[in-house]
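So this first bit is one chain, no partners, the form predicted on its own, shown in structure tokens.
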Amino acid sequence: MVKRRSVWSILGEVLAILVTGITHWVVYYFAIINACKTRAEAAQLNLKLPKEWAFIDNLKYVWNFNNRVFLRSFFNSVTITVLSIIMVIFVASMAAWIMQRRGGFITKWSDKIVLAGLTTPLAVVPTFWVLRTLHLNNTIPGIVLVEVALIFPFSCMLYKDFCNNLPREIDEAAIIDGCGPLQLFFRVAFPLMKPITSAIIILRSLVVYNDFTNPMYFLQGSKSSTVQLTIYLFQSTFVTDYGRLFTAVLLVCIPPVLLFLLLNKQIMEGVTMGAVKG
């Protein structure tokens, strides 16, 4: 028997949704409306409509700022994010598959090592020394390795929990059909991981794309800077042009929003599938 919900319960949920929507969308409205203002109006940092619309001028300034450093940094951020996600998907999925399918002493300790990676902070000085020894400091491959090392534990645990729902009978049927270890993983197991792979792509892409501290430590110079470091250049000690600053922020937000819209369905499937067993 389904219990009827009271009117107060429904009104409470509607009110909670409205409050959540307002508190979230007011941030976007604040950024968008101030990106359309001139320097003097944007300095007031209010929610009023602009008296003079200057979004196109702000956009041109951001685009041509410092010999188009924003475009170069945008390309660097996208490159770092794409390479990091591709590498972590293959490494974490294969590691999680082995950890879930095989038992034994080594697998047991592998779980503990991966879990330790979730809580162990990044040691900047030893990491910089390792990158310099490998001649990878101040390079995109070097920062990619750092990002992969940081996002691997979380991704591996998500893959491992998802693999718990994949029946072992699939492995046996594939082996009977003549699949080897690599064929079993890439042709049978990995395609079944599509929902959780989509979730990892969006969740970890946001972490890498929005990372500020690691590029600040391990990347130097305008040729290798990321968008987060470039946005920092739009602020100064005494005067900050908030109109152009918010314009740059809006441009930086476009790729994550597009990625979420494209993978929204797969993300929800991946997150919810691992929560239900049986």
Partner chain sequence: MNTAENKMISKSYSHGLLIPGMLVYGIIFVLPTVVSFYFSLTRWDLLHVEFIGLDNFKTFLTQPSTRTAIPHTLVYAIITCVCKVILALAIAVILSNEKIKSRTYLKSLIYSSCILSTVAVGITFTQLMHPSKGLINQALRVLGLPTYKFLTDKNMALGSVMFVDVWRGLGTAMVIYLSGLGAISKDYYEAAAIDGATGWKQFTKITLPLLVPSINSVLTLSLIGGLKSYELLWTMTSGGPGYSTEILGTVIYKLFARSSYGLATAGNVLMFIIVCAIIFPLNSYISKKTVEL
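Remember, it's a predicted structure, so these values are computed and weren't measured experimentally. Numbering follows the first chain given and starts at 1. If you superpose the two forms and keep the largest set of C-alpha atoms that fall within 1.5 Å, you have the rigid core.
One more form of this protein, predicted in complex with its partner chain, exists but is not displayed; see below.
Under a 4.5 Å heavy atom criterion, is D171 part of the interface with its partner chain in the predicted complex? It does: once its partner chain is placed as it appears in the predicted complex, D171 has a heavy atom within 4.5 Å of it.
With a 4.5 Å heavy atom cut-off, would you call A199 a contact of its partner chain in the predicted complex? A199: no, not in contact with its partner chain in the predicted complex.
Does any part of T139 reach within 4.5 Å of its partner chain in the predicted complex? Heavy atoms only, please. T139: no contact with its partner chain in the predicted complex.
Classify N164 as contacting or not contacting its partner chain in the predicted complex by the rule of any non-hydrogen atom within 4.5 angstroms, answering yes or no. The answer is no: N164 has no heavy atom within 4.5 Å of its partner chain.
Candidate from I98, I89, L83, L71 lying within 4.5 Å of its partner chain in the predicted complex - any heavy atom: Exactly one listed residue reaches within 4.5 Å, namely I98.
Contacts with its partner chain in the predicted complex, stretch 20-50 (heavy atom within 4.5 Å): Heavy-atom contacts to its partner chain in the predicted complex: T20, T23, H24, W25, V26, V27, Y28, F30, A31, A43, Q44, L45, N46, L47.
Following rigid core alignment, is the displacement of the T213 C-alpha between this form and the one not shown equal to or greater than 2 angstroms? Superposed on the core, T213 moves its C-alpha less than 2 Å between this form and the one not shown.
Flag for F70, CA shift 2 Å or larger between this form and the one not shown after aligning core: It does not reach a 2 Å shift.
Quick check: L229 between this form and the one not shown - does its CA shift reach 2 Å or more after fitting the rigid core? No: L229 shifts by under 2 Å between this form and the one not shown.
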